[in-house]
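In the form predicted alone, a lone chain appears below as structure tokens.
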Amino acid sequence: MSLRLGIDVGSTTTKAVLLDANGAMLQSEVVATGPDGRAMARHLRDELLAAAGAAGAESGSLRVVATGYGRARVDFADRAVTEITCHARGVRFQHPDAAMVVDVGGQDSKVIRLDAAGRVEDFGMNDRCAAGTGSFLDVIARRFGLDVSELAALHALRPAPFEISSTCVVFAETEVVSLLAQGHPVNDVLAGVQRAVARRVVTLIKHVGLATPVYFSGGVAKNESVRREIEALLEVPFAAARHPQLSGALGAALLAGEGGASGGDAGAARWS
């Protein structure tokens, strides 16, 4: 059995996707990265192969591509590929009409514009400031004893987002505490935090140059409140990819195939 494994080692979570030679998904998993990304990558490899009935796959029958923040630590990978390439490939596989991919993860945010063939045409990245990333939301959620999923569902409460002027996570946290101390409604203030994240992402999109259709990838794509804020600011449809957290690992698995295109359309139905 010829298998393709993509492993995306992020700062917060590690994702893995196992495909057969035709591009059909056999197994996938998302787990917390923890303190040792190398050990977690090995654990996921063994777990997915066992679940697929291919434990101890013979050398040569398994090809592995690593991506993500900790890709260099995946010492059993055949090669490492940047998140830019892998998210572009993974989202384009799920959505053949994609012209732009917005990936917001734990430590950075990326905007990737694609050409007509799905190749990376241009991109921009914010990796020097946590504002505009998932870690900003995590910091605020923890500060107030909330689960980040509670922030994601905040739109259902119809808050009136309060403007957060600070663009630094440390200062923004202080500003949030101050606003709450002044008696402003907590939901309005927290909604303002998510709008601030959305604005940083939209600024990056405009810097690269908006192309449509645009799809949301990465862990923050599961935050419906942030997605709606970005969509409102862009004034165009902004849909989450079908499997946003797995997009990078999926792209890596596809690239593990010969020429990076093995079974491109054959497995697409399994990802619908």
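Residues carry their position along the shown sequence, with the first being 1. Fair warning: this is a prediction, and the values are worked out from it, not measured in the lab.
FYI, the form predicted together with a small molecule isn't displayed, but the following is about it.
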item: Exercise: Q245 in contact with the small molecule in the predicted complex, heavy atom 4.5 Å; value: yes
item: Contact flag, G106 vs the small molecule in the predicted complex, heavy atom cut 4.5 Å; value: yes
item: Proximity of A72 to the small molecule in the predicted complex, heavy atoms at 4.5 Å; value: no
item: The small molecule contact at S135 in the predicted complex, heavy atom, 4.5 Å; value: yes
item: One stretch from 147-155, 176-184, 74-82, 118-126 that, in the predicted complex, holds residues within 4.5 Å of the small molecule by heavy atom; value: 147-155
item: Heavy atom within 4.5 Å of the small molecule in the predicted complex - the one residue of K206, H43, R228, K222 that qualifies; value: K222
